[in-house]
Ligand code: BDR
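Next up: just one chain, as structure tokens, the form predicted on its own.
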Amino acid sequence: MTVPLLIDTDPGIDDALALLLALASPEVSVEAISTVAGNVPVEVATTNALRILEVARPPHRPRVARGAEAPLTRPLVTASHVHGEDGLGNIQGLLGPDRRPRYPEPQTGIEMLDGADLILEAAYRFRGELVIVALGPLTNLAIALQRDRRRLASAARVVVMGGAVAVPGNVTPGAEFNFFVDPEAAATVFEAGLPLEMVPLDVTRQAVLRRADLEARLTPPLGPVEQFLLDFTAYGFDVAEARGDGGIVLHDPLAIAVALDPSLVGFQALHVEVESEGRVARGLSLADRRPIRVESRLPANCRVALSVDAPRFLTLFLERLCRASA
């Protein structure tokens, strides 16, 4: 039997790769997608989620709901410099052979429910089975907790891409982007007693997709998904190579892969708190890793991925995406 999946996301180039990976994976059924403001404003994130579905055309179309348009208490910070103004590498301006937009505005609609209510509805519908994968700021999950903590707690797993435990942040010296954007939401989620699995920068930075590796798998003639992959990743590769990253860091695809196969990473049960008040340490994820007896540490509230089999993950990633696009 397939595992029901809900993806909370702010697409985003690596979010798009993550969604395509999930849609191409037979172990799971993507039942719902909730969007959230983060990499781009929520209106853009929602359009991108619909556009990805229109290109991928999965046999079972997930429900899509527009979520929070701003963090709980702060102005929104976006990352258009990393993902392009449209979040997908500025593909909106691309034209097809007929001189029409290659990626027109999506024609499919969204749910009447907002993102938080769709999360709660799915958690209740698939209680004890649903796996939630949060790829953006945790605003929708925090709102869902405020509305119905018990229903959200019925999810089987909540996989969170975010934070940095023993490595520097990617926005500030201490903070990863998702936690930095809405630290209050992250703090709320980590205090809630949910079945959390944290996939931080410690492991995602080890999962890097090189342009040559993707292009080697995508040979002409290109189908719609193949062309889409090349189009929306081109900007991401340019940005990554200019920064010296060597390729696109697969933050969000790794979180999806952990939802598919937890054995890809090595987990450690830890107590993690997120700093929401500090001027310098906003969004810092602090894990209790003191070299004392485990029973003397703060009680664990999540499992944290601290090691990863990166070669096995990259093989899975490329096989799934390129098989889906063949």
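A quick note: this is a predicted structure, and the numbers were derived from the prediction, not measured. Start at 1 with the first residue shown and count on from there.
Unshown form predicted together with this ligand; subsequent notes refer to it.
Which listed residue (Gln227, Ser154, Asn90, Asn170) meets the criterion of a heavy atom within 4.5 Å of this ligand in the predicted complex? Residue within 4.5 Å of the partner: Asn170.
One residue of Leu141, Met161, Leu118, Ile132 in contact with this ligand, assessed in the predicted complex (non-hydrogen atom, 4.5 angstroms): Checked against the cut-off, the match is Met161.
Using a 4.5 Å heavy atom cut-off, which stretch among 109-117, 211-219, 231-239, 244-252 contacts this ligand in the predicted complex? So the stretch in question is 244-252.
According to a 4.5 angstroms non-hydrogen atom cut-off, is Ala207 in contact with this ligand in the predicted complex? Flag for Ala207 set to no.
Does the 4.5 Å heavy atom contact test between Ser285 and this ligand in the predicted complex come out positive? Close contact is absent here: in the predicted complex, Ser285 is far from this ligand, nothing within 4.5 Å, heavy atoms only.
Give a yes or no for Phe177: in the predicted complex, does one of its heavy atoms lie within 4.5 Å of a heavy atom belonging to this ligand? Answer yes; at least one heavy atom of Phe177 falls within 4.5 Å of this ligand in the predicted complex.
Distance check, Asn39 to this ligand in the predicted complex, heavy atom within 4.5 Å: Contact check for Asn39: yes, within 4.5 Å of this ligand in the predicted complex.
Going by heavy atoms, what in 191-215 lies within 4.5 angstroms of this ligand in the predicted complex? Just Leu201.
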